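Presented as C-alpha cells, the chain that follows is alone, the form predicted alone.
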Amino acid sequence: MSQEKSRQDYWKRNLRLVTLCLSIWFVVSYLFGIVLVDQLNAISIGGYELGFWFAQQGSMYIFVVLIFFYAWRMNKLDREFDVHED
C-alpha cells in the first residue's frame, strides 16, 4: 500500500470516527435533552424524569464516555497504521 493511500485511509477512518462520536453526542444532548424531553419525561428513573436527566447530566456523562471511546479507538487506529507513539 502506498504511503499516500495509507494516509488517505487513515484520515478517512478518523473522520468517520469523529462523525460517529459527534452524531451520538448530538442525539443525546440536543434530541434527548431538548427536542424529545417531553416524551422522555414520561419515563422515570430513580425518581427523576428521563428527559430532565439527559438535559442536566446524561449528555455530560455520554460526552465523557465518548472521549474515552475516541481515545481508545484512535490508539487502535494509530497502531493499525503504525503511527502510534511509544
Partner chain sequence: MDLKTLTFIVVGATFALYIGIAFWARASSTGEFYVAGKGVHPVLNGMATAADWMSAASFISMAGLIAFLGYDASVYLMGWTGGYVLLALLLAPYLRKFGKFTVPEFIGDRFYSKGARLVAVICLIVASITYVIGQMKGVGVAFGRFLEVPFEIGVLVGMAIVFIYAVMGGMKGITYTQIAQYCVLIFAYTVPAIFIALNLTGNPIPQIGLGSTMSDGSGVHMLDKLDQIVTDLGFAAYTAQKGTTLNIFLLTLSLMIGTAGLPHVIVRFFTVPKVSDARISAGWALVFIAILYTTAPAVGAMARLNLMNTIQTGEVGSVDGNLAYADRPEWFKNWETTGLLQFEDKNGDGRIQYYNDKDEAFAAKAAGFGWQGNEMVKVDRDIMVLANPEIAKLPNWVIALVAAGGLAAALSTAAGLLLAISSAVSHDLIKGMIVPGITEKKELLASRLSMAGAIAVAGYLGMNPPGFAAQVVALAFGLAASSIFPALMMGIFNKKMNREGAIVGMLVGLLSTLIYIFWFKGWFFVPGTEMAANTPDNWFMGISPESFGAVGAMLNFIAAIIVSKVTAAPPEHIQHLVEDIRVPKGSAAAVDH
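Source: prediction; values computed, not measured. Residue numbers count along the first chain shown, from 1.
Beyond what is shown, the protein has a form predicted together with the partner chain; the following relates to that form.
With the partner left out of view, is D78 within 4.5 angstroms of the partner chain in the predicted complex by any non-hydrogen atom? D78 belongs to the contact set for the partner chain.
Wondering, does I43 line up within 4.5 Å of the partner chain in the predicted complex on heavy atoms? No - in the predicted complex, heavy atoms of I43 and the partner chain never come within 4.5 Å of each other.
Using the arrangement in the predicted complex, list in sequence order the residues of 70 to 86 with any heavy atom within 4.5 angstroms of the partner chain. Result: Y70, A71, M74, N75, D78, D82, V83, H84, E85, D86.
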